[in-house]
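We've got the same protein chain twice here, in two forms, each standing alone as structure tokens: structure 1 and structure 2.
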Structure 1
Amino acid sequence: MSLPTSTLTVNGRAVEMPTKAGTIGPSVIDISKLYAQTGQFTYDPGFTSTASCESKITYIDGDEGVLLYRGYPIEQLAEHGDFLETCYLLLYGELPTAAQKADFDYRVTRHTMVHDQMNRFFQGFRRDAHPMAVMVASVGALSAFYHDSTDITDEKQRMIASMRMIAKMPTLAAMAYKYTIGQPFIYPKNDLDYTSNFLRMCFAVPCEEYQANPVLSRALDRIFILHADHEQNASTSTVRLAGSSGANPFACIAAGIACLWGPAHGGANEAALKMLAEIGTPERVSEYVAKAKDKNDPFRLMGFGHRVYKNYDPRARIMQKTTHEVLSELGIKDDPLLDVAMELEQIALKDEYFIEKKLYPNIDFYSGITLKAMGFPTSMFTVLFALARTVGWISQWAEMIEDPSQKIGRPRQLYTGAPKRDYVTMAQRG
């Protein structure tokens, strides 16, 4: 569909710019020729009004609280499918047939083991290393182990690298956990489904039989689906930017993991749980809500607010239901953290400050409680997010590499430093 051009007046001169339409969502004004035409850049730190790429993978309507993977609503995928089906969908663009799904599951399963020398690589970390630090390093290190899948110009190598990362991420994540608690690594078991295998690698010990609880396994699988992709968020944009220089896929995903670690992004589930523990009892909630509203206090309610959602995060709704399922399966009736969370949500949703700023609970608000109940320590929460988001990062990276118009990402700046000045020798400096 052709749209009317947009006209921008720069220094009294009218400049025509093409407008591009997507299938749904706002259209964009193509400013790529603006500098050539006017000698001026646009300024948008934090990219609040800037589309950095064209993509067919994920769509978010933040005002309506809608999230679609390849057009399919997140609610339907989370209810009817499993995580590997979502992986297939994100990677290939369509839901798999039964035969395609069986083949995909088989291929992922056959790549779950990591090179045995990785065990020695792990021994170099301090025992108290944060598992996210271990993940950044070990995923980056995959490029030192799998030289046969780092040539990004070879489509087959790109796919092998993608399968390797989806398959090995649970193995590495479980190893990062086992290492910090001083237990032996548990090898993957290929007759288990993806998520039960991961639970087993985390919680089994060699001296006992282990059987994953199917309710917990299904709940965690759903959590993975909810986290699988989220459009051009900070870590995905990091992966795309790193990949735009031609860096190998393992290095790019390691860059994404590093970005995800921050408390404003994936680290929020860890931060949200710490905050609920700090609040401690429902009676203290109003004190913390007041702190969050105080302009002179840097405190923010972790797990609240989102750059894109200005309505209830659709993932948070599914997450809330999953939390209750998990707690009821485990027979946890009175979880003090859940009591604080429910009270906080109720107060915040009625508070003028939160209503006016459209601050709703996001996915991280409930995921921490659920993961804790399953037995994961807080330091593992963001690792689980990274595990699930890997497929999104890879799909977005592959889409970028396959785009013929792709070039290195190179933002410009508004320079506000010193103008040109002459060097002053040390003796002459005051």
Structure 2
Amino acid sequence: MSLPTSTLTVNGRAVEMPTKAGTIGPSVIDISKLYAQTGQFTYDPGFTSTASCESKITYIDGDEGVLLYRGYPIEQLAEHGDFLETCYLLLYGELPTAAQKADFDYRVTRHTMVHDQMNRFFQGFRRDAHPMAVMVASVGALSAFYHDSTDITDEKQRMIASMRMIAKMPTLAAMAYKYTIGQPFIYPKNDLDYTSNFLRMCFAVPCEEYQANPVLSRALDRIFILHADHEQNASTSTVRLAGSSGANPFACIAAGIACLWGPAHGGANEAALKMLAEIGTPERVSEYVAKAKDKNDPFRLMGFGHRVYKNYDPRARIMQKTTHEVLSELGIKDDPLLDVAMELEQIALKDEYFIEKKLYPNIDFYSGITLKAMGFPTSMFTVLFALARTVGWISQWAEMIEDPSQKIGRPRQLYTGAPKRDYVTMAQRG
């Protein structure tokens, strides 16, 4: 929907720019013709004021603490649905009927196996390789195994690739975990739900039967829902940028995983847990809170506040409840790290400094605690994030491919290097 134009004054010259509005949220000024009309670019490091695309998938209102998947509030999806239902919603745009859900679950379940040669591929990694390094490589390698779903111009192949990615990511993630701890790979079972299947592949061993705890399975399923998509964040933008070149979907998702690995993005929950370890005991929490308030102290609280959410992160509310459900189910009462986390949570929710600056515990704070309680090492946290975010990446990638206005991504720059100069011979350089 177009609105009245906006007038920009550039070097004393008025230039009319069209204004566009979404269904909700702020309108945008279309500056795509700015360079052609004025010879100048805009400068926006981090793209904090730039809409890079038009999308119908996810909406965030950071000031109000709102997160919608295809218009549905995240709280309702996490409370009433499951992860594969959310996957269907993100991919197809609507919640499935019972028949559509059963068919979708069936298709995902029967794509969970990976090619047997992937076992030998894993053996090329060092035993102490970080699981995220393994994920970047193994997901990218899928394009070498599945040539029948890399033609991005074929709608059927795009959907097959999407299903394969959603289905095989838990298998690869579990293999990455098993490889780093020296245990044999566990094959998926078709009679288990998505998340229970993943927990079994991670924690079962061949010498005994494994039964997934339904409370933990539901908690992890909820974590997957909360992380499934988050608009045009760094990793999603990376997937779109890679996809804009025509790269195959497996390569694009591998690029997204590589971006997610960064500590400022997917590694935030791991960083939050390391901070809790640094604090050490509940008795030292007050000391570290004081350090966090001191502008001259380099210490920063991890897992508090959010770049987008200036209010309480809506995902954190759900995650807080889930965390306490898991801790109660497991009966964990003597874990120093969790004791520190609970003490810090109580202070942050009551302290005027935190309230005034809106430094609420975010999803990374709670998810790190929950995943640790479940038995996952910190090195696996970002892998689980990548598993959950795969459907968001795939949905965003597919939307971009089908967008008739899509072009190869090519940001411009403000050049501040040396001006044009002539080559000086070695003899003249002294």
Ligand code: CMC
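A quick note: this is a predicted structure, and the numbers were derived from the prediction, not measured. Definition used throughout: the rigid core is the maximal C-alpha set that superposes within 1.5 Å between two forms. Every residue number counts along structure 1's sequence, beginning with 1.
Shown first, as structure 1, is the form predicted in complex with the ligand. In a rigid-core overlay of the protein, residue 113 has its C-alpha displaced by under 2 Å between structure 1 and structure 2. The Cα shift for residue 333 between structure 1 and structure 2, taken after rigid core superposition, is 2 angstroms or larger. Remark: with the core as the superposition reference, the CA shift of residue 345 between structure 1 and structure 2 reaches 2 Å or more. Structural comparison between structure 1 and structure 2 after rigid-core fitting shows the C-alpha of residue 358 displaced 4.0 Å.
Core-aligned Cα shift between structure 1 and structure 2 at residue 425: this is 2.6 Å.
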